[in-house]
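As a starting point, one isolated chain is supplied in structure tokens, in the form predicted on its own.
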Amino acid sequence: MQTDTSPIDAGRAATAPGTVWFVGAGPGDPELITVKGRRLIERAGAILFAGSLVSESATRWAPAGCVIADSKDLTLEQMSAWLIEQAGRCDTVVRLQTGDPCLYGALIELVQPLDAAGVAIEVVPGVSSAMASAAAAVESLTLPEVTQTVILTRVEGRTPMPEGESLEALARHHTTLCIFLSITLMGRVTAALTAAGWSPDAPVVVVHKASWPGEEKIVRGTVATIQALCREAKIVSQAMIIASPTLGARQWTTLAKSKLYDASFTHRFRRGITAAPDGTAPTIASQETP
């Protein structure tokens, strides 16, 4: 069966036999890589992993003879050249990135030169440290009638923030904030939360190396105390900061429940159950669009 091929796809096929797969390695625990990601590693001819953030143990499924390189000392140009070279000799080349490649990963910067060289590209998503941190702390980032919004952001450092995206501006929404790459700027984080109207007693959790076996640390505090607690715990890198009105809900005595699982809620998989007017046997509600 003939399929349509774009000029870019045709050019790729003509210039390089291999495909470069950008694979999310997940937050740290090698077992949190996706099944697809692991299968790609198992058949890879070359792997370039981000050694400053990805454990080398994530490459343990690589076959004999696979060329494995650490990118932590390489420039963007050197990384691109390496991937292009390996794509010329291997069917499967894996660029192993921390978390999810599409979130705070140098994805587009690496894809552009590969596109220019006619190298085929694929991306495999991974578990973000935001999700792994919430899981480690057994916290929900959303709760009915509390917040249904999660903001993934960072504090401005050497990388500037676009206009209107300061932490203070985002924090004024009083939703869940997952703050990346900002543990060394914790003073700015708490100042921004305070300026946005968060109470000094508002809960904050910091997770260092979420899911990393034997290295994970969880620090709980408040806007007023979290900076000192992190300093005491010597957390200075690879940490997720979560500020949210949902934190600590596990201990709440009253909690709004999800409507989806309420006995009276009707949807296409279940008819709602309603109590009879006289309080006797319940009746099954008609199945209608929620």
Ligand code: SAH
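Note that this is a predicted model, so its numbers are computed, not measured. Sequential numbering from 1, following the sequence displayed.
The same protein also has a form predicted together with ligand SAH, omitted here; what follows describes it.
Contact with ligand SAH in the predicted bound form, defined as a heavy atom within 4.5 Å, holds for exactly one of Q227, Q238, T246, T34, namely Q238. Only one of the listed residues (S133, T92, T190, T176) places a non-hydrogen atom within 4.5 angstroms of ligand SAH in the predicted bound form, and that residue is S133.
Heavy atoms within 4.5 Å of ligand SAH in the predicted bound form are found in exactly one of 143-151, 161-169, 196-204, 124-132, that being 124-132. Not displayed here, ligand SAH is approached by L181 to within 4.5 Å at the level of heavy atoms in the predicted bound form. For the chain shown alone, A120 is not a contact residue for ligand SAH in the predicted bound form, no non-hydrogen atom being within 4.5 angstroms.
Ligand SAH in the predicted bound form is not approached by W82, whose heavy atoms all lie more than 4.5 angstroms from it.
Mapping the unseen interface onto this chain, T98 counts among the residues with a heavy atom inside 4.5 Å of ligand SAH in the predicted bound form. Contacts between 202-237 and ligand SAH, taken as any heavy atom within 4.5 Å in the predicted bound form, involve V207, H208, K209, A210, W212.
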